[in-house]
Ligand code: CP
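Take a look at this one chain, the form predicted on its own, written out in structure tokens.
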């Protein structure tokens, strides 16, 4: 059962029962198999999409996901809403809840997003905050399983900075039963690490035997001018990939800064799966929406479509 209660918010992986997340992932595989014949399960339903920063993959994947499954979308920037002006978060949440069936918000402030969700009577999906990025990691799990089979027992190695994506990989390691080797500058090492997560200051040690090598930009939006010299030791290079399994894949949630966090040689290699990963945002988003909106009257087990549960 969703720990948030009857309303199925998708805010952080840790908020949701692991079996539910695995079920959502299974649905994502099934929905991708129906890529060219998507079931119309969202007829009459609307999703509000709110952004405080520019977006390519989050905007397109959620909008197309909702529309391909028969629903509607409304897109707004934060400065178009009263939540950014004179109105309280509570009032905005209550009003939005009367207009649409669900909300996807991509905003920097994780605390405000959680406050907003707490006042909503409809599902709220975390499209990304500065703290976590759960939808991205669901797409990453989908990609790994597509390319390598079950994620359970695999080794994932993360290189570079500590950010919302690495934070969510840390959450995912225990949930999906994989080993995560975190290779970042010592000064950025988290104070505590949960089971399934280890710290390797040496990137070569982290890469040894890894099934997946993953990184992200060293300078996120809003961090322009940030010093990056301390990260150069953690660039994913062909030499680093060579320390991993022969079948290892390279992932990056994009946008990519070539020859900063990843060398061009890796991007040109067959290990590079970043475009599959980007596409899988669409299919993971469909499955997340289906789970969140099921209580809104959506039948995700109608006879015209089998999610793969049978």
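Just so it is clear, the structure is predicted and the values come from calculations on it, not from any experiment. Positions refer to the first chain, counted from 1.
Below, we refer to the form predicted in complex with the ligand, which is not included among the displayed structures.
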Note to self: Counting only non-hydrogen atoms and a 4.5 Å threshold, tell me whether 147, 214 and 272 all contact the ligand in the predicted bound form.
What the structure shows: no
Check: Within 4.5 Å of the ligand in the predicted bound form, heavy atoms considered, which of 32, 243, 26, 57?
Finding: 57
Item checked: Interface residue in the predicted bound form among 132, 143, 136, 183, criterion: non-hydrogen atom within 4.5 angstroms of the ligand -> 136
Next item on the list: Pick the stretch from 248 to 256, 63 to 71, 262 to 270, 36 to 44 whose residues have a heavy atom within 4.5 Å of the ligand in the predicted bound form.
Entry: 248 to 256
Margin query: At 4.5 Å between heavy atoms, is residue 281 in contact with the ligand in the predicted bound form?
Written below: yes
Margin query: Do any residues of 157 to 173 have a non-hydrogen atom within 4.5 angstroms of the ligand in the predicted bound form? If so, which ones, in sequence order?
Written below: none
